[in-house]
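Taken one at a time, structure 1 and structure 2 that follow are two forms of one protein chain, written as structure tokens.
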Structure 1
Amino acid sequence: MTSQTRLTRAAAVIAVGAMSAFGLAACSAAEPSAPAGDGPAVTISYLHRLPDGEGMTPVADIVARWNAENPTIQVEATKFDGAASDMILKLETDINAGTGPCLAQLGYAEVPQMFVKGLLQDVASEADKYADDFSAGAFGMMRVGDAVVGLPQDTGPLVYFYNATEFENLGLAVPATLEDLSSESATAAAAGKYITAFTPDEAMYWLSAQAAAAGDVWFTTENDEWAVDAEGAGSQKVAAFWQGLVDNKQTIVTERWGDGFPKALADGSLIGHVGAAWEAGFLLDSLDGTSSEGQWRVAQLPDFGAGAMTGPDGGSGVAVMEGCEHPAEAMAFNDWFNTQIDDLASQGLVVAANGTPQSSEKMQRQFGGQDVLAALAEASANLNPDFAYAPGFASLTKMNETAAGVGAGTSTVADVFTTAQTTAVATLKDLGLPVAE
């Protein structure tokens, strides 16, 4: 039994009961309807935020193919053109009004809170039929306790990006372990280069994913109470690693989404980066047409102490909403849609389904001909299968606030994990959920 399955349904039920104090509907396990077969057609509504940009296979085209092949299960897909947080508010309003869609795309961190609010169905019996189509780590992100609320769509495993030409010039080896990453950082810094960047504005997902890569599991239950362990052995190892680099000025401290990161990339001082797989789609755009074009590669995340394991930094799945009258048919489409890997890869996704789409011409050009998506698929398969988020995980943006002081020395990296611990416990209690002390 994994740590994740120890998150019992009883805890989820307790959570729902607690949330009822806020006037929210209770959730319940779905009674899957029989597949439509030769019976009258059913209609499944699906709300998504996929980009549908130029050069991508439109969602409408993918759905049209399903509808042509499945006359008794017709799908109506709608694109939501707004922020993810706005879509969550809309879903909550519509579901409570009885007008919500049957399926909707959700970020993994949004799943547990939506479930305990009674907005998602437990479709575990249907989901289990399709589990083998996805990596265990990605499938696990759609679990809350022993409930499963849908199927994964895309993932954001941490990987390692590096400039192969610069590494060769400096005699650096691609780091295979955290110790390698530390020692090679020292060599690079001596030459005025950085093979990592500490990015405070990404601390919440980025550092929690590194703790997961080190084998930690932050959220479990004990005796039907939530337990939080954001300061475990893995977190401590990650904290010691980054604190060492910061103290010795062997990493650049800069916001990922500020001016410093792209500037360091462009001037060649930043030649390596621990980043999410989805960054491969745009990380090197600023180097197009420069002498650095084609020099970078993607490698697996160095071993953080748990072997070939990485952690989740982003990603989303498609969940079955409360009120969906045909969950079995919805899950049949859900599985089919999320296994159309070439179509979904064209949307810029690191697809959660097993299989490897072909890397685009752009990726091959920017990464020197490397089969980038094959490397990312390998990382996706190596996601920590036990690491999942808890209700209220979004409150851990306070980690970013603490991380902002690391460069100036007003806080430590260990303080960031302490913030995660205290904030997560306080948030669960604020939600009225039982927490093991």
Structure 2
Amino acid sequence: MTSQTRLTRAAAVIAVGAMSAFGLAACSAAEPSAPAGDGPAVTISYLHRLPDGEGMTPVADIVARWNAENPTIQVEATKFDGAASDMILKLETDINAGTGPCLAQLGYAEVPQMFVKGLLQDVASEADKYADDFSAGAFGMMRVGDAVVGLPQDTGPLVYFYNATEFENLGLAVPATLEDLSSESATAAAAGKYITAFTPDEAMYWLSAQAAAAGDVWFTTENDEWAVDAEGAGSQKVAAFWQGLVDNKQTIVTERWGDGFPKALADGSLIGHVGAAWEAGFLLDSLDGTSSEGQWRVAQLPDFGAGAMTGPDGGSGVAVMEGCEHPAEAMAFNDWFNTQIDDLASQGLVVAANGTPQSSEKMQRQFGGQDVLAALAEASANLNPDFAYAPGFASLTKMNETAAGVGAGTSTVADVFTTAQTTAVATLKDLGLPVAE
């Protein structure tokens, strides 16, 4: 027993040493911008994973502007380089150790899980003050039951990208309904072209978003229990659609993040794509300088049977972490930051805040002068307002595993939704949450 206590004490000494070293570093870094005037400043730490790429307004610059204008609320932004899932793990570890940041960027699907784990604060009263600044659908993504844990940053509604020149050559119209998309796929395939790609590695968010676009809601509540419906009418319709295209070889089956997709894009065989709004930022980069430059356009997702409605494929918000001592100040910054729409749009985001930012020069060039961001904002406004994620949604990557068999014929698209259903139910049970069956 003595040896263990000694061990614990040694570990504590080392930990304290390490922490004070960090603390000192933080102090000295903050000093130059410390306020001279009224009252002591509070420091808000903010962890994000925005790209900060070339030609974008860096997060550091945006934050510096805030810090200059708000001497009493100083923000320290840190960029996390790495996968989103790794950042979640880091947050969980840090928050449990009491060293977590005040604000952090979270994917919408991660929010419920983080809340269940007790890592997020309920800041509903603060958030309500700012609700009018954001689209209702996006704001709802930061809601967990009665609690609101932060503010939305960007959305990822599904839209339809297509090569207008090729469409004209082939005599295709921009598909208005799923049936159009299906019949035009046949026409294009007869000419050796594909107007969609089936992407197994994106199945989880991409197919669930399509089910949402078809009017389905996967997670609802019944008598304070979760009810999961991933195989509803909308999912069936989506499954039948893609299965038909795959069976008739009228779509290209390829990983979205593999080499097949950009290759099909570059060699001109892929001339249409059901994709997330955030893909507009880089989808056409490989076509720069080729004869296809400037030929593509963005259209609204075809009507999947529920009218002008689309589903969420990605998007994230900034949440207040457990242990943050100044949630009100953090939320004030949160609102300000997420309404800097031009700066955020430069980061390639479809901002959740109201208002349409200026399309960048690059976007206008790639999309032949189209006002892309206005089209994306329209899609954002048409998000299925009821589609929400449940805790444990991350485990639905299992859908991708099943979807990978679709091309080879070892599984069907309907199987992918069955996987979603069984995995979601099992996950909720594993988490110890009530599930209605």
Partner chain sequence: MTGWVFMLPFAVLFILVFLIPIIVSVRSSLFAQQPAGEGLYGGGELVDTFVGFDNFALAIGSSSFWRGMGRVVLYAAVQIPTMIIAALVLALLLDSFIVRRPAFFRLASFLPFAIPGIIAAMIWLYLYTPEVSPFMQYLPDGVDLMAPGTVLLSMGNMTTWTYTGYNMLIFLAALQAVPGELYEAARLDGANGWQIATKVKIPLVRGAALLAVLLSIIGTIQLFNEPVIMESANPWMGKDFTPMMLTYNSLLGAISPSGSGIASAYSLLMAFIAGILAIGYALLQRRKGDAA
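Nothing here was measured: the structure is a model prediction, and the numbers come from that model. All residue numbers here follow the sequence of structure 1, with the first residue given the number 1. Superpose the two forms; the largest set of C-alphas matching within 1.5 Å is the rigid core.
- Only structure 2 of the pair represents the form predicted together with the partner chain.
- Rigid-part membership, decided by the better superposition fit of each C-alpha, is shared by Gln364 and Asp288 in the motion between the two structures.
- Of the two rigid parts, the smaller turns 11 degrees against the larger between the two structures, judged by C-alpha superposition.
- Core-superposed comparison between the two structures: Glu76 shows a Cα shift of 4.0 Å.
- Superposed on the core, the two forms differ at Asn67, whose C-alpha moves 4.5 Å between the two structures.
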